[in-house]
Structures are given as structure tokens and as C-alpha cells.
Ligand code: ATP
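Okay, here we've got a single chain as C-alpha cells, the form predicted alone, with questions on binding and movement later.
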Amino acid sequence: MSQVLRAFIAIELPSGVQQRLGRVIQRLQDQLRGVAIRWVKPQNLHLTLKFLGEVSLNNLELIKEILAREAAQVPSFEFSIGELGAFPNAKRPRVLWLHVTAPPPLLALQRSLDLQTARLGYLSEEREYSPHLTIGRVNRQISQTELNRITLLLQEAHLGLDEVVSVTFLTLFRSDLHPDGSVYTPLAVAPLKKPLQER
């Protein structure tokens, strides 16, 4: 058995939200038919808080402890999902995503997880955290014509999304790469702090 695995910490989306976003992705797929984009399966949609990369089995329990400790300090919160965007920008799209409006608790949680896992040697991202849901990855061998089609869609798309997600727990996922896409397996779930009236 391998002594390392790929892992990340994320917020799971309710299956109903995944299905509705799946219909949005299908609509975009139809509009960009023939363009070389690897679309994310609806059941794989999630909000990443910390990508850990290669994790040794020795560190796994420590990461689970960090997750449980940090989650227990933050009360439940909500975030909303909005319009379409791209990294690094609309002219050179490599990753297509949906914007997430991040409330202060989400940003505070991401910062604390980043800080605590950095102490174990998991490096912080150089870029400032920008909460988003990845929905597609653009093939690097794409033609200029295909790029122009994506850019035009990004400039004109108004998805009119009205999705609000209630967050009550965080999940540590294992990520396994397969020829037909990634498979994510929950390794640990950490509940957020309960409101006073529920204690």
C-alpha cells in the first residue's frame, strides 16, 4: 500500500445544488460544443479550502486533528454561488469557475487551515485565496478559434444563479486520478461549532 495519498480540505455541496449546477454546466457544454474542455462531473463539485497535495499516512491523523480543532471554532455560515469566470483571465482561460461570495467566517477558516497545515510543511498558495467552484479545465493544445469562443461566452454569460449553501461541516478528501477523471473519497468530516441554541 502506498505511504502517500493526494488530499485536500473542502466544503461539500448538497446533492441538490450539485444537480442544479450540473444543469448549468450542461448548458455551457452545449454552447461550447467541440471546444476542448474537461468538464467537472456534478458529483465532484466542491469548494476547496486547502489543497494539500501529497500527504504521508503519518501526517494524516495530525491533519484530521487540525481539521476538527479549526472547524469547531467557527459557527455555521452560508455562501452564495454566482457568475462564470476564468483563471488567469477571460482572454487566456485555463480554468473555468463559478464565483463564490465568501463571508468572513469562510475566509477566516481558510486562513487558519492554511496556517496550521503550513506548520506541517504544506505550503501556502502564492496567490491570495479566491473562493470558487472549478467547473472545467481548458486543454492546453486548444486553437485560437476555440479560445475566442470561450472568451466570448465569458463576456456574455449571465447565468442568473441563485444558489445559497449552508455550511455545517468540512471534509478531508482523498483524490485519486483515473483516466476518466478524479475520484474523491471522504477521509474525515469535521462539524462546525453549533449555534448556542443547539447546544
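Everything numeric in this text was worked out from a predicted model, so none of it was measured. Residue numbers here begin at 1 and follow the sequence given.
Note that the form predicted together with this ligand isn't included here; everything after this is about it.
Proximity of K64 to this ligand in the predicted bound form falls outside the 4.5 Å heavy atom cutoff. Although the partner is absent here, W39 sits far enough away that none of its heavy atoms falls within 4.5 Å of this ligand in the predicted bound form. The shortest heavy atom separation between E78 and this ligand in the predicted bound form exceeds 4.5 Å. In the predicted bound form, this ligand sits within 4.5 Å of a heavy atom of R137. With the partner omitted here, the stretch from 150-158, 65-73, 22-30, 170-178 that lies within 4.5 Å of this ligand by heavy atoms in the predicted bound form is 170-178.
Within 4.5 angstroms of this ligand in the predicted bound form, the stretch 41-55 places a non-hydrogen atom from each of H46, T48, F51, taken in sequence order.
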